[in-house]
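As structure tokens, one chain now follows by itself in the form predicted on its own.
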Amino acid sequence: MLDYGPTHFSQGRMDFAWEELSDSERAQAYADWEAGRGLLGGDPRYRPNSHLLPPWGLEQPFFRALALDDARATNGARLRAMIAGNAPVEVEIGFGRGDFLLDRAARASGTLFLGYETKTKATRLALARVARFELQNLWLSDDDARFSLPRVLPAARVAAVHILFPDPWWKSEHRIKRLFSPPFVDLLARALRPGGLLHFKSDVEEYSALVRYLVEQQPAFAPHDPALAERIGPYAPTHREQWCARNGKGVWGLYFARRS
């Protein structure tokens, strides 16, 4: 088991309101997606030296979508070879401190894990933990997964996607940064193999309702099925889930299977 201490949080008190999307709102979501709006850290296509890995990431289990061909290191070649292999692949988007992801990788040495966290400092700290626990099946990125996933993984390659306590982006002017949107759900449908699992948790009931609405609007997904939680098995809760348990706060979990 991983030996991380507790983290303290405050419980935000902001309104989270949503309505079913109109045709124009749905069209705008796709237009924003194509333009790269809302990507955390900005669109990598317009970032200087985005084709190069940072020095601290060279020869580490670290990747960026546009730097897979960085000739200064073997990162890209090694990751591509692992993806091309037969091991099942699981992805966590927004791993934070890494409690869930590192524990899961330690429990399933025959599975390849990819973790995304846009906070570079958190990614570097997690990389140190990957080395500490001598995990050979876990790769990390500080890319925004919305940009990176379709550029790194072929379609239907992923067995499970875990999205645990994503930022709700409460303010109306920040909603474009919210992870879940119709094109993002399309991306998940593309990434998951038939029968693959989408595993979501939040302590914001309204966000969970929005996610359920968006996912169940995508024909590739079967409706939420609580029985699918059994597929997760034993796990280390995220630091946010630990905080919710200590403070008696509700957690809403959703489980969706990719249709065949």
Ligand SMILES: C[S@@+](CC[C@H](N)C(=O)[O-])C[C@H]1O[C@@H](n2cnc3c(N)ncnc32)[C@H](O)[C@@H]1O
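Just count from 1 along the sequence shown to find any residue number. Just so we're clear, the structure is a prediction, and the values are computed from it rather than from any experiment.
Here the subject shifts to the form predicted together with the ligand, a form of this protein not shown in this document.
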Task: Contact test in the predicted bound form: D143 vs the ligand, heavy atoms, 4.5 Å - done: yes
Open item on the list: I'd like to know if T118 sits close to the ligand in the predicted bound form, meaning any non-hydrogen atom pair within 4.5 angstroms.
Closed with: yes
Task: P88: touches the ligand in the predicted bound form, heavy atom cutoff 4.5 angstroms - done: no
Open item on the list: in the predicted bound form, does L40 come within 4.5 Å of the ligand, counting heavy atoms only?
Closed with: yes
Task: The unique member of A189, L127, A105, L164 whose heavy atoms fall within 4.5 Å of the ligand in the predicted bound form - done: L164
TODO: Would you point out which of 153-161, 70-78, 131-139, 93-101 contains residues with a non-hydrogen atom within 4.5 Å of the ligand in the predicted bound form?
DONE: 93-101
- [ ] Select from 45-73 the residues with a non-hydrogen atom within 4.5 Å of the ligand in the predicted bound form and write them out in sequence order.
- [x] none
